[in-house]
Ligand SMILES: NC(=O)c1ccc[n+]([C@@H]2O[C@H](COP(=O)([O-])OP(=O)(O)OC[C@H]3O[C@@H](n4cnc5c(N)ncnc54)[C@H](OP(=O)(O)O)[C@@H]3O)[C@@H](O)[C@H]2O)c1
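In C-alpha cells, the next block holds one chain alone, the form predicted on its own.
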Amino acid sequence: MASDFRTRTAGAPWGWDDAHRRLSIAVVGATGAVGRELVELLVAAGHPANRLDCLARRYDKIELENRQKVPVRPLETTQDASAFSGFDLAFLCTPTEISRVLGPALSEFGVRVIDLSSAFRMRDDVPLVVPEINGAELAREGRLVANPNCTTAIAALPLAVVDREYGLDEVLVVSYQAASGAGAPGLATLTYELRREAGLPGLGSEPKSPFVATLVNNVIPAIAEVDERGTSGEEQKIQDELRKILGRPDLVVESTTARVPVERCHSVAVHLKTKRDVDLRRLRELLARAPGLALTDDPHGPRPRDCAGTDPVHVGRVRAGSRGSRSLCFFAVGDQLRKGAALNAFQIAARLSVER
C-alpha cells in the first residue's frame, strides 16, 4: 500500500501552481522533523530555491531525499519582524514560546503566517484549519492561521465525514503516537534505543530523550504534562481542537493518549455515538471517496509501517459498536509528519495564496 501512495504523490504539486511558486517563503525551524518535511514538500512541488529561505538556530544544511542540499541560516532575532521584509508567507515550525512572539509580529508586518505550534489554536480570532473540513475558515480576515495538533488532524478527517452524515453525539479517542511526535529528538532517541537493545556497536553518545521512560519495547500511557485532574496536555488538545475544527462546541470528547515505539505514524482507535442511525454501507462509501482519506477493507489494517510516507489518513476496521444502531468504531492511521503536520500546513498555504 505504502509504495503505491508514494508513487502517486512523488513530485505532486498538491495544488501548488506557478502563482504559488512566485511567493517568497520562509520556513522557520527548518531543521526540526516537521520543518524538514515541509521543505521536502515545497521542493517536491517545484518551489524555486531562490524563493525559499530556511531558518533555524544556527547555520546548517538540510539534505533532502533527492540528495539536494538546502542551506539554513540562523534566525537572528524574534523581536524584529522587519527581518522578514519581502516575504509573502512564513511557516513557523517553532516552539510555542517563539511562535507567540513571531506570529503576531509577522502578521502585523504584512506576512501571512501559518503556525504549527499550539500557540494560537484556541484563539477565537485565529482559524484552526484542516482544509478538507473547514477550509472556508481561511476566507476570514487576518493573516495568521493555526495548524492543528497532529493527532487531532488525523482523527478529525474521518470524524468530519461521520458528523456531516449522522451527527456526532460523543467521541472516545485512544491514540498510539509515534516517536516523531516529539520531533527530531524523539526519532533520534528511538533509533538509539533500538540499536542499543539489539546490541549493535558504535552507538555514539546517547541523545537527550524527550520521553519520561524508555520507549523501545514499551508504551507510555500519557503524553505531555498531566494536570491535577489526571488529564494530559495532549488529551486536552484533542478535546478542545476537535470541537473547534468540527464546529461542535457542545461535542462530548474523551481521549487517552499513549506513546508507542513507532517511527512516524500516529494511530487512533475511535469509538463514538451518533445522533442518527448509521448505515455502515453508506458510511463506507462516503469514507472511500472523501478527500484526504483512504479506506481499507483489510481486517488487520491500516498499519503504521505501511502508511509511513503517505499523504492520506488511512481508515479501517469500520464496524458497528455494541451500544445500538448509533454506535460506531473505527481505526485510523496517518503519517504524523505529513497530514499530521507539514502536509496540512502546506495545503493551508495553497488555499491561502489562491484566495488572497
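Note that the structure is predicted; figures quoted are calculated from it, not measured. Note that residue numbering follows the sequence shown and begins at 1.
Below, we turn to the form predicted together with the ligand, even though it does not appear here.
Name the single residue among R323, R51, R57, R289 that comes within 4.5 Å of the ligand in the model of the complex, judging by heavy atoms.
The residue from R323, R51, R57, R289 that makes the contact is R57.
Just to confirm, with a 4.5 Å cut-off on non-hydrogen atoms, which of S255, S267, T274, S180 contacts the ligand in the model of the complex?
Comparing distances to the ligand in the model of the complex, the residue within 4.5 Å is S180.
Quick one: is A33 in contact with the ligand in the model of the complex, heavy atoms, 4.5 Å cut-off?
Heavy-atom contact with the ligand at 4.5 Å: present for A33.
Does T96 reach the ligand in the model of the complex if we count a contact as any heavy atom within 4.5 Å?
The answer is yes: T96 has a heavy atom within 4.5 Å of the ligand.
I'd like to know whether R121 contacts the ligand in the model of the complex, with contact meaning heavy atoms within 4.5 angstroms.
Close contact exists here: in the model of the complex, R121 approaches the ligand to within 4.5 Å, heavy atoms only.
A332 near the ligand in the model of the complex, any heavy atom under 4.5 Å?
Close contact is absent here: in the model of the complex, A332 is far from the ligand, nothing within 4.5 Å, heavy atoms only.
Should the three residues L41, L89 and I114 be counted as contacting the ligand in the model of the complex, with contact defined as a heavy atom within 4.5 Å for each?
Result no, not one residue of the spot touches the ligand.
Name the stretch, out of 33-41, 289-297, 315-323, 302-310, where some heavy atom lies within 4.5 Å of the ligand in the model of the complex.
Contact criterion met by 33-41 only.
For the heavy atom contacts within 4.5 Å of the ligand in the model of the complex, list the residues of 277-307 involved, in sequence order.
Residues within 4.5 Å: none.
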